[in-house]
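One chain comes next, on its own, written as structure tokens: the form predicted alone.
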């Protein structure tokens, strides 16, 4: 991972809404559709890739988000995962999947910024500039949605109890952060 300086420097608290950037954690994109692909992921991560659209699977260490029938995003739940552990995970996946032509493993840690939203007004805030209907999404823990918020592509992961992780491309993160904070004042 790059040693980057984020434009997002603080945690923001509003009336029943908390917005914070999550420290950089490993994020790996996986692509593949062979049976051995899922088996190898399961052995390495102790998680099987979800095969139902817009869902996720996870354990104490990692979450695995469904992005398409042959694409998933892994991210770490551990903010303090060491660089050595991150490199070992990436190397294990690469050696068992990419090297054996079972699929593709791409480290996208420096591509995505993860922002966490907590509170009862999350969906009010997101609905201000998002065409997505959150009715089913907010009822199902582990739901995943790829949508546009304020004209910016995002991936949303429902962690449950009014707790969402939002993935936004680094190049749009500062604009997205400003929009979140400006809009949160009026929710």
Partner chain sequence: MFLINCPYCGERDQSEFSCGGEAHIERPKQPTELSDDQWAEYLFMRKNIKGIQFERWNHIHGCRKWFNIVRDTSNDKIHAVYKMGERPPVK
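Positions refer to the first chain, counted from 1. All values derive from a computational prediction rather than experimental measurement.
FYI, the form predicted in complex with its partner chain isn't displayed, but the following is about it.
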| property | result |
| --- | --- |
| Contact residue in the model of the complex, from 162, 38, 57, 54 (heavy atom within 4.5 Å of its partner chain) | 54 |
| Close approach of residue 118 to its partner chain in the model of the complex, 4.5 Å, heavy atom | no |
| Touches its partner chain in the model of the complex: residue 46 (any heavy atom, 4.5 Å) | no |
| Partner contact for residue 66 in the model of the complex: its partner chain, 4.5 angstroms, heavy atom | yes |
| Heavy atom of residue 31 within 4.5 Å of its partner chain in the model of the complex | yes |
| Those residues of 142-173 which, in the model of the complex, come within 4.5 Å of its partner chain by heavy atom | 145, 146, 147, 148, 153 |
